[in-house]
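Below you will find one chain, with nothing else, as structure tokens; this is the form predicted on its own, and questions on how it binds or moves follow later.
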């Protein structure tokens, strides 16, 4: 799937037990190396907001999710200014790094595709 979420091989990797067993440690290592959890951010906080689909998905967040997202950005910007990550006990655990924005973005992309299909439909009289 192309678009704001990008192309993903994750579904095919998850289907293969052997491939998953080999790729999972590398994926975990890479996520830890990225360092966003050290700043208290979730993976979906890294999506490019200039994308129209992501902007529309952000408007569909619940007030609590929107507040939490803004708070995470404030904390991360403060940590960036101070050139220090969070203390290790405050890092975002892997179990809490859930994709909260992905379902909204997928829904918006599906709606855009459906709107495009209906807008370009050709009507013919019999």
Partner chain sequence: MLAARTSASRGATRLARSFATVVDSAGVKVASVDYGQPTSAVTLLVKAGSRYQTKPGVAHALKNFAFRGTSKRSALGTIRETELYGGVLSSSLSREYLALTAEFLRGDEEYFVDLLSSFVTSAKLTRHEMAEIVHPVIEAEAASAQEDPATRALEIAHTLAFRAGLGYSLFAAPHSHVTTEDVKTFASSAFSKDGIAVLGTGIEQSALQELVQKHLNASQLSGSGLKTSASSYYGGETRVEHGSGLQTVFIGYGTTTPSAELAALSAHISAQPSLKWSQSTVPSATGLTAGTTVQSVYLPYSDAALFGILVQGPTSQAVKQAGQAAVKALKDATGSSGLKAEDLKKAVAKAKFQAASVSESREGIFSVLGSKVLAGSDASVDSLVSSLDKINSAAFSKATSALVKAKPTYVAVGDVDTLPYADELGL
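Numbering follows the first chain given and starts at 1. Remember, it's a predicted structure, so these values are computed and weren't measured experimentally.
From this point on, the text means the form predicted together with the partner chain, which you will not see here.
Chemist: Sort through 37-45, 24-32, 79-87, 54-62 and report the only stretch with a non-hydrogen atom within 4.5 Å of the partner chain in the predicted bound form.
Modeler: Comparing against the partner chain in the predicted bound form, the contact stretch is 54-62.
Chemist: Whether residue 14 contacts the partner chain in the predicted bound form should be assessed with a 4.5 Å heavy atom distance threshold; does it?
Modeler: It does not: once the partner chain is placed as it appears in the predicted bound form, residue 14 has no heavy atom within 4.5 Å of it.
Chemist: Are there residues in 98-126 with a heavy atom within 4.5 Å of the partner chain in the predicted bound form, and which are they, in order?
Modeler: In sequence order, 107, 111, 114, 115, 118, 119, 121, 123 come within 4.5 Å of the partner.
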